[in-house]
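Okay, here we've got a single chain as structure tokens, the form predicted on its own, with questions on binding and movement later.
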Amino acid sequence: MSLELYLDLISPPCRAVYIFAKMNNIHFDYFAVDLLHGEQHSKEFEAINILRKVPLLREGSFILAESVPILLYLTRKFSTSLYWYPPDIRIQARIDEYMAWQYEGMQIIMEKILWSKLLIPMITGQEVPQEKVDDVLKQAETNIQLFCDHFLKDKPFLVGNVISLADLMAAVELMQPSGADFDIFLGRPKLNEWLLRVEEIVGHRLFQEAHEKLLTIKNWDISILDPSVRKKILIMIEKVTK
């Protein structure tokens, strides 16, 4: 029974799953789902996953959505190195704490930077009002400080001296503004040193491979965007920028 992963590497959670599977030599069939072209809303994909979200894991009749349960499933099924999710229940609790916080605390705000500084202007032809961009960056500053003060502190990695699932998830999330040529690590040496440690363990080649789509998204040809998809994106942008 083959393991299938449905991913779009523009998405941080998808990159986390992709990197983790590759690092741990987990064989999988890769199915690309282009979010910006609305492929998650296609009848074909909805027939597989009514939630219409990626990442998605399928193994025969077993279907699993959401990055955190997928990562935990892979650690258990393939008995990966213990440091990813150690048996110590307090370390597990620290990893769980970050995983519970990261969506609202990190992922959303990093996505907003990419959208406000690059994707919204590309799709609409209009810049986002500077006061709204400033609000996004101010919230990002607050949340990054929380990340450093509460989660990272003075440790090499989030839960101690070795990498864990929490570090992998955090690293791909904090890379998201790089798609808009916005360096979130500039002027933050401790944060940058942590990222370099994560990248060194992941491997530079794999880390760059996983982020290639993000780092070249500014070259995206929006003229090929399907009108129905464009309409859905514009509705979403209107909600985000209110």
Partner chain sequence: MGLELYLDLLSQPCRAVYLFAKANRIPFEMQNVELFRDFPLRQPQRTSGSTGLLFPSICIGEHMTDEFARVNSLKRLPAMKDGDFTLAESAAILHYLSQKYNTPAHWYPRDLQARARVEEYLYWHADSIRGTLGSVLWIQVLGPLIDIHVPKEKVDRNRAFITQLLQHLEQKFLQDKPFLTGDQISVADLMALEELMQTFYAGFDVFEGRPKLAAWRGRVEATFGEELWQETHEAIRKLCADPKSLKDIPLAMQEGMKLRLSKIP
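Treat the numbers as computed from the prediction; the structure is a model and nothing was measured. Positions refer to the first chain, counted from 1.
Keep in mind the form predicted together with its partner chain is missing from the figure; the text below concerns it.
Looking at its partner chain in the predicted complex, residues 26, 34 and 45 place no heavy atom within 4.5 Å of it.
The stretch from 178-186, 63-71, 212-220, 196-204 that comes within 4.5 Å of its partner chain in the predicted complex, counting heavy atoms only, is 63-71.
In terms of contact with its partner chain in the predicted complex, the residue from 82, 93, 148, 122 that brings a heavy atom within 4.5 Å is 93.
Remark: residue 134 does not count among the residues lining its partner chain in the predicted complex, judged by a heavy atom distance of 4.5 Å or less. Put simply, residue 53 is close to its partner chain in the predicted complex: some heavy atom of it is within 4.5 Å. At a distance threshold of 4.5 angstroms between non-hydrogen atoms, residue 97 is in contact with its partner chain in the predicted complex. In the predicted complex, no heavy atom of residue 155 sits within 4.5 Å of its partner chain. Residues 139, 142, 143, 146 are the ones in 113-147 with at least one heavy atom within 4.5 Å of its partner chain in the predicted complex, listed in sequence order.
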